[in-house]
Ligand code: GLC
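Read the single chain below, which is given as structure tokens and is the form predicted on its own.
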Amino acid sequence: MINVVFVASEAAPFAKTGGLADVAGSLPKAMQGKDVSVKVFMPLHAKISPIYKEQMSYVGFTSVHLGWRSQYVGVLTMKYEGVDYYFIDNEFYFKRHTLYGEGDDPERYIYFSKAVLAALKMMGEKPDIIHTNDWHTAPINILLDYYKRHDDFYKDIKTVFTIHNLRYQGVCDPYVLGDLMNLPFEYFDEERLKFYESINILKGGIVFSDHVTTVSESYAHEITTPYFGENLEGVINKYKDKLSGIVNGIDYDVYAPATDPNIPVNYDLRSIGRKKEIKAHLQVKFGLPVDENIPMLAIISRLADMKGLDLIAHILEELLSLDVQLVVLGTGEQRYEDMFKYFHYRYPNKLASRIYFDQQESHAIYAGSDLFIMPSLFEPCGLSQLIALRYGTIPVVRQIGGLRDTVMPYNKYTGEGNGFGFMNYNAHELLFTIKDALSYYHDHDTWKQIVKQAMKANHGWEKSSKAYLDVYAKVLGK
């Protein structure tokens, strides 16, 4: 039995801002029991629902040093869907309205990383592997390198580090080494943490891990190039022998059109026609004309440049001149929020902009829409297209990163494919691809076949969880 501690800054259903939370909430469950015991550690964020907090029990407490300061570390636990979750309690760092975006984020997450290592020693739980995720938990990899030389408890613990998005790196002032990490200045070195005249925590996660994964095979290749490497392609290439890409999955218990309680009508492969009932429900709810024959397009996304919204901005007027309806759900950059609000005002019968995020509403939009638009500038993996496929809503994607690995463009000659794709970051290439998809939408038999192929695509965790187990075994020399 391999004992794994999985550490993440967020995990569904407790606290979520993006795909990392979905992975942290579903991958451990998929691996549990397959010759692996998984414990998940995350911060006790203020936004965690009281429903969950009431189920937690107190484990104990310890403390950690950040420079000259001693900080309290409380540990609480609860079992959720067969997995033991542990929550690091410190109100000074985690009683905040947001998970990220605070001025002291490096301090908060260096504290969290130290707290996890201290909590494991306090509990007497020595894992075989600590699996860290993104820069927020990468300090664990760095600290272990130092701790192993000074404390027998930490000897022989291996680390796996997963990069979910290379853009966010935790670049800090060098004073952080001594003042927060309590590490000697020798770590401020090109071969370790130095990044220009700063330190780069994600770089340290790569350098000091036993294995590095990222969330799709295509992205693992892309980040070795300057265009996608975010100034770390040299480091990644140096350590590419320990790099692999494993595509994310989704929890098929949560995203299940046949049983999903969040959608007004359930359906499966034999009752695909019921999607139109959900579309009608959305049209009424969002104040759009009720017409089952009008194709409904959906965007469910963080409204950020990486999601390709610059392309949408260039073609939105043309797109809304077509006989379509567009539903947008999400929040993000002000310019995109304002854009969708403006076009909602101008085209109230064509565009419903929902500038917030609601989990239940998102399920209904995935289920009731016909096309899902995802023209990302870059996309390490992407979960939205996997959810859309599961609900028989056909993705239109830029063939990049995980989108290329999971969406097969429809081929009219062979009949194969479960979506539509374009290559270049070009607004009218996106528009032409949407128009191409719409031409098939009006061919009932062909469209039904594409929808069936989308719903048959298997993007649960079965295959990917096995790939992680293989990584663990390789790291341990088994």
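Keep in mind that what you see is a predicted model, and the values were worked out from it rather than measured. Counting begins at 1, following the sequence as shown.
One more form of this protein exists, namely the form predicted together with this ligand; it is left out here, but the text below deals with it.
- Although the partner is absent from this view, residue 274 stays clear of this ligand in the predicted complex, with no non-hydrogen atom inside 4.5 angstroms.
- Under a 4.5 angstroms non-hydrogen atom cutoff, this ligand in the predicted complex lacks residue 25 among its neighbouring residues.
- Contact annotation for residue 20: at least one heavy atom lies within 4.5 Å of this ligand in the predicted complex.
- Put simply, residue 116 is far from this ligand in the predicted complex: not one heavy atom of it is within 4.5 Å.
- Distance criterion of 4.5 Å from any heavy atom to this ligand in the predicted complex singles out 381 from the list 381, 223, 282, 297.
- Of the residues 164, 404, 96, 242, just one reaches this ligand in the predicted complex with a heavy atom at 4.5 Å or closer; this is 164.
- Checking 194 to 202, 171 to 179, 317 to 325, 381 to 389 against this ligand in the predicted complex, the stretch whose residues place heavy atoms within 4.5 Å of it is 381 to 389.
- Contacts to this ligand in the predicted complex (heavy atom within 4.5 Å) from stretch 212 to 230: 215 only.
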